[in-house]
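One chain follows as structure tokens, the form predicted on its own.
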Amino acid sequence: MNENMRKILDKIKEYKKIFIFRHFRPDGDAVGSTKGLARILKLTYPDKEIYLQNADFADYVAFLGKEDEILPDEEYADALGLVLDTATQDRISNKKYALCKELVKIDHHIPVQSYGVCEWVEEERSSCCEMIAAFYSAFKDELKIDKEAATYIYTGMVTDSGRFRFREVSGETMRLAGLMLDQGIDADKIYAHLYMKEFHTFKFEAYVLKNIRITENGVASLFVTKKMKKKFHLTNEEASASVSYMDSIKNALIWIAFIEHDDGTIRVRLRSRFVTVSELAERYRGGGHACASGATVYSKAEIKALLKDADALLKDYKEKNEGWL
């Protein structure tokens, strides 16, 4: 057991009011971990006030249900803030987190910034939801769980692990996933919500497959413009999912999707097999995991520069390593 797990549980016991936060533009893991932990704490401590306090939401996991309305400033003063799945404070969705009396950080990203009175960071974990499952498992004689909480947690484990395919997945990951399944969750329903597609997305996928570009050393990329999103009736989340269309191209160990947004930014989704891309993402206002990161660029010139850097990174990897696929 990580000693910080006990410190966090003790800190939770100290407070009557607890606010739970995550990063902005949330994914399934950010939503699942916060909702899962909130449900566990509400079941275990019915006399405590537990609130999810986030400023934005994820449409593709809307099936997990609604969240709490943002509370007025004065409510935060005597509260403990639990920040999940968020490496740096500037990425916390609700900026009122700073009004909390104390903060606790629970995260599985590469450490970038230290914050809070207590931190529990395990970058080798496949998801923050896996950490919440481990937290429950470590204290299952004290904590309570039910089908609802397990559904939230399992959903995040599935999405952040690429359906349990990514390198961070371990035997412990699968044992903890099994613990969630033991709560009687409907895995078929979860997978249906996550992976059934609207017909228009198949048309978009066909278009994308015709327009993928490959650099000299094997970096696959695509650029989804605002015009394309409008043409194919895509949400930003559906457009971002296009990065997965390139994950099976032989010899392309890095694949990148550039998504143009209405605010003038171009969101970057970097994925890789074997090659560490997180440092590359950090050079372009981002970061994340070794083989799954995000970044932001602001022009086609920056897109070109990022692709050039990615191509050089992949060339170097292939020259130094044998047996890559």
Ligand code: AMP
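For every residue, the number given is its place in the sequence shown, counted from 1. Bear in mind that the values here come from a model prediction, so they are computed numbers and not experimental data.
The discussion below concerns the form predicted together with this ligand, not included here.
Of the candidates K48, R285, H261, R273, R285 is the one whose heavy atoms come within 4.5 Å of this ligand in the model of the complex; the others do not. The single contact residue among I40, I256, A295, V277, judged by any heavy atom lying within 4.5 Å of this ligand in the model of the complex, is A295. With a 4.5 Å cutoff on heavy atoms, R91 counts as touching this ligand in the model of the complex. Looking at K96, you'd find every heavy atom of it more than 4.5 angstroms from this ligand in the model of the complex. For the chain shown alone, R22 is not a contact residue for this ligand in the model of the complex, no non-hydrogen atom being within 4.5 angstroms. In the model of the complex, this ligand lies within 4.5 Å of some heavy atom of H109. Across the options 62-70, 32-40, 49-57, 263-271, residues that bring heavy atoms within 4.5 Å of this ligand in the model of the complex belong to 263-271.
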